[in-house]
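So this first bit is one chain, no partners, the form predicted alone, shown in structure tokens.
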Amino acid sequence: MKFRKIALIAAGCAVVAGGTLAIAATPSDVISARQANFKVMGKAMKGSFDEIKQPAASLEVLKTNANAIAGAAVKVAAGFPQGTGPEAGVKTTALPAIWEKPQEFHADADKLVKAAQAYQLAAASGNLDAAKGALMQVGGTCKGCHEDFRSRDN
């Protein structure tokens, strides 16, 4: 009976490990997913900034965009594993500094997550001024990271 339990556990581990290997992504796949995530964030940022310029900004639009930004922000730090920089041979604006200064990059990514979550909460609160202020904070964190970790060529 004990042998059977061990065999079942081992088989389960093999299935999990095999499944993980089967879904292992190539550097190109990782870069494509990363870029798609940033496009989601960029579209939501543009939508948010466009909305706050309206005479009667819609909190619903801001909430939708804040949710998209917060959802994308949590994926940023994990989107840059070793081997997915310019050396991968795929067009990317990611600078080598991301991998040379990982603690600084991850600290900036954490700031983005916190700012995005604050925007999400402010938009959900129904306070338009708070949402606008929080959106500006998100924009500032984006800018700070871009200055250090993104190529200015694009």
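None of these values were measured; they are calculated from a predicted model. Residue positions are given as counts along the sequence shown, with the first one as 1.
What comes next is about the form predicted in complex with a small molecule, which does not appear here.
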Although the partner isn't part of this model, could you tell me whether residue 51 comes within 4.5 Å of the small molecule in the predicted bound form, counting any heavy atom of the residue? no
Can you tell me if residue 122 lies within 4.5 angstroms of the small molecule in the predicted bound form, counting non-hydrogen atoms only? no
Decide whether residue 146 counts as a contact residue for the small molecule in the predicted bound form under a heavy atom distance cut-off of 4.5 Å. yes
Give a yes or no for residue 68: in the predicted bound form, does one of its heavy atoms lie within 4.5 Å of a heavy atom belonging to the small molecule? no
With the small molecule left out of view, which of 64, 117, 93, 127 would have a heavy atom within 4.5 Å of it in the predicted bound form? 93
